[in-house]
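Presented as structure tokens, the chain that follows is alone, the form predicted alone.
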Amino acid sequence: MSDLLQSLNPGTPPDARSYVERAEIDASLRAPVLLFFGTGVAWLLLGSLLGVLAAFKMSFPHLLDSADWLTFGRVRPAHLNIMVYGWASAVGIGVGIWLMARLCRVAPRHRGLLIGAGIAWNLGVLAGTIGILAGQSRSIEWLEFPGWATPILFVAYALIGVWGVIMFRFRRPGHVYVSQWYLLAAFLWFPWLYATANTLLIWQPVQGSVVGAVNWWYGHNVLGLWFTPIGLASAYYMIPKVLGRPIHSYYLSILGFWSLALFYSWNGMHHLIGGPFPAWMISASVVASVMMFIPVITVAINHHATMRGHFHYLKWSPTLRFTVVGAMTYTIVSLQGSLMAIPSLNNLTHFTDYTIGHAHLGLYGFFTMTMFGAMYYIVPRLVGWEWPSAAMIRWHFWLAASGVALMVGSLTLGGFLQGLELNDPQVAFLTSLKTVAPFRFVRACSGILLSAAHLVFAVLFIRMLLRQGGPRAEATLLSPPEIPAV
């Protein structure tokens, strides 16, 4: 009976046998998960440095332009690919394999497969980054890695996908929790997306306007069918786990999952409104984007109803604070994306910084914040030690939250004004650039806040691995927990 309850709700208090099983799972996954987490944090620091440099180059074009490998055309794609594959994908894989093992409730099989995949994945990211900085970029957004680097990533991920299927196949009998749906789907969707896009754009490239269609299909679906399922899987696990109560509605979970799977794969083409593409392709993408209101609102209702009456937990739980902020941002960025598909608004925001702000809100405000929350929960269970400083966790949160708010706010407002002027035939193009210039400088300054947040987290992470600070009998909290009056 206890096993059934834990499969239905991860917040169910475990019995003695379950404690032993979970300890065995954590011990088995310690090396591979920390490999993905550790290398992901290293890539996050490097990507942040390159991102700040690229942002300041928008205001000071001649900054460090004496070195070819530090020009904007190389630094910017290197930053983007490091953040997508080096940080976000690596930490997403780490969270995904830990959640999958925990929810399958069996000791992980083939740990060597995961360690080998982690090493190969980082070698692929390293090779691709060196290729971009050496001037061998493919000039295809989100796929700038040279053609000889991408097979390494594909093989590495294939090993991870195979491991996920094996784990699901040999899971303990019982209910399949909602997070497992999203994880298994993500493990299967990503290799399909990555292989298809690389085949059509790099290995056997298509010609003409089809390149743009495939590129936007890939970029949009990596965010929606790779990062989003992992982020939602983490939120669906962490929120009930910390609260110790079940998710609000199992049936809403079903609706949210299947509507995401049905509608998101059609997204992306709305970014090409007005381009040389068949009208049915654009129209289908616009309709699918608007239909995304269904899974987004469904997930928002489910999470909010689960949190109702328990929002005071945000004052003291690091995991819950990062996760809930990420989940709320998912609602905002998804509704914003659906509205951007409406042609009248798309005509205003297309080719502006508004779209860039939207992308940052999704990849950082939603996914990265959710992953930080998951790591604050997972790492102590892998290391057998609690976080050494609540003050540093608070600094991390407020630096990251203020940095992403400042970045997205400046890009959104600046992009909106930029769009107004670009659509006014009486305004010169140079004028629109001058209008957006101060907003781009603010965006660059926000990168300093985010880099500081990442540095604080990296120091925290290293201190955890070294087990610095005194041992704690209980979890590290942001403040003493409050018990509301009855």
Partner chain sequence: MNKLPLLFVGILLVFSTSWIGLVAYPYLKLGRLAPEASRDGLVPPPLTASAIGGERVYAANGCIYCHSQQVRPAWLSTDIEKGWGPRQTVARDYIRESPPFLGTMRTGPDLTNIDVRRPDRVWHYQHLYEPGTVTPGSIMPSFRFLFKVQPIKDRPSFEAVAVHGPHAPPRGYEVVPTQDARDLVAYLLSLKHNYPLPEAGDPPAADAGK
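Since we're looking at a predicted model, the values are computed, not measured. Residue numbers count along the first chain shown, from 1.
One more form of this protein, predicted together with the partner chain, exists but is not displayed; see below.
Stretch-level contact analysis of 117-125, 293-301, 364-372, 275-283 against the partner chain in the predicted complex, using heavy atoms and a 4.5 Å limit, identifies 275-283.
Not displayed here, the partner chain is kept clear of G326 by more than 4.5 Å at the level of heavy atoms in the predicted complex. Within 4.5 Å of some heavy atom of the partner chain in the predicted complex lies at least one heavy atom of Q418. Residue contact check for L193: one or more of its heavy atoms lie within 4.5 Å of the partner chain in the predicted complex.
The partner chain is not shown here, but in the predicted complex it comes within 4.5 Å of a heavy atom of M269. Out of the listed residues S338, T150, T412, S137, S137 is the one that sits within 4.5 Å of the partner chain in the predicted complex by at least one heavy atom. Taking the partner chain as positioned in the predicted complex, the residues of 54-93 that bring a heavy atom within 4.5 Å of it are, in sequence order, M58, P61, H62, D65, S66, A67, D68, T71, F72, G73, R74, R76, P77.
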